[in-house]
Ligand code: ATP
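The form predicted on its own is given below as one chain in structure tokens.
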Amino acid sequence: MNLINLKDENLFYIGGVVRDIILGNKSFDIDITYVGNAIEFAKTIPNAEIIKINEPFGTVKILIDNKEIDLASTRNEVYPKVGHLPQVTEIGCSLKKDVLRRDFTINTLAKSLKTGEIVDYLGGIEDIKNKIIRIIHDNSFIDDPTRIIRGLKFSVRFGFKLDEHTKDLQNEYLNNINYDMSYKRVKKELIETFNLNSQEAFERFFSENIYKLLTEKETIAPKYNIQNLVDKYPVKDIWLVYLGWMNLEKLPLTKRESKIISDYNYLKSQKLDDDYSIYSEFRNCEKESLLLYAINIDDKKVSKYFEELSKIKLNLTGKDLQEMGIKPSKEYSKCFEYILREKIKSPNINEKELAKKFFKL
């Protein structure tokens, strides 16, 4: 990212973007930190328009040469209540204090915009070279248990492994979970992790007992290659295909997400013993719900619906019925449903002849 002429010695790329530079990966999030008060600094930039300020966190969005740039002040944080959002205690702290509040050493690197020098206080470069994920301090998971899910996400994305001490602390926490945590943050990390569509992430989520962050009950995951299923039938909310069969009542779900789960639960209670019942029930459900049904109940029915039944459409219209001398009425919808039922049995059937039969013409 070219920041025009912003070459101040206090400006640094920080976190994931520096990690991705070292790995040679494209970075989706560009985090830029100002050592000091970024808001006050932004006010001094010539020709920069301030779009948005978040005073408590010391962040500012500016527009310069038609480019939007987010700047963050270095800040120090504490967790007055473990498992919940931290509280900012200092804006404009040192760069080292700022990186000490982060999750893993691989995300603590800073790169100067002015010189290109990489600042590494905690051995992040060495851990990247050795493909190691290491927490910064022993209370890291206690402060923010969502870091356990983040660790899984980074491990899957980059092929890294948790170092032994980090793994021990993770296991220790998962054996004594404090369920008073921010489930909004938990949901965010679950979405980012499982939207990667990784079978490895799914299997490790259960084999490493990370799922216990969601429920105290022992849970056995279905033996199914979900990654292949999603590759075949792409959906928007991939994460729910992986986890929607679980009890997610702790998570703040959207209306659509709740519908996906309720559709799946409804389908579980249905017989669906012929093609028409499959068609009529599946057509009103979210696609994610059908994939959940495939994973946990019957993938053959779902495959048949996607590959065959969903492609069956009526060609006959209300205008056709009127041209046949049939006046518009509530019987139209019953007729169409009757024809659809017969067409599912025999796709090449004559729809007009069926209409005549229905109306006894």
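Just so it is clear, the structure is predicted and the values come from calculations on it, not from any experiment. The numbering used is simple: start at 1 and walk along the sequence shown.
Not on display, but discussed next: the form predicted in complex with adenosine-5'-triphosphate.
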(request) Report the stretch among 198-206, 167-175, 255-263, 100-108 that approaches adenosine-5'-triphosphate in the predicted bound form to within 4.5 Å, counting heavy atoms only. (result) 100-108
(message) Even though the partner isn't displayed, in the predicted bound form is residue 55 close enough to adenosine-5'-triphosphate, meaning a heavy atom within 4.5 Å?
(response) no
(message) Check residue 144 for me: does it contact adenosine-5'-triphosphate in the predicted bound form (non-hydrogen atoms, 4.5 angstroms)?
(response) yes
(message) I'd like to know whether residue 153 contacts adenosine-5'-triphosphate in the predicted bound form, with contact meaning heavy atoms within 4.5 angstroms.
(response) yes
(message) Taking adenosine-5'-triphosphate as it sits in the predicted bound form, is residue 157 near enough to touch it, meaning that at least one heavy atom pair lies within 4.5 angstroms?
(response) yes
(message) Only counting heavy atoms and a 4.5 Å limit, does any residue of 22-39 reach adenosine-5'-triphosphate in the predicted bound form, and if so which ones?
(response) 28, 29, 31
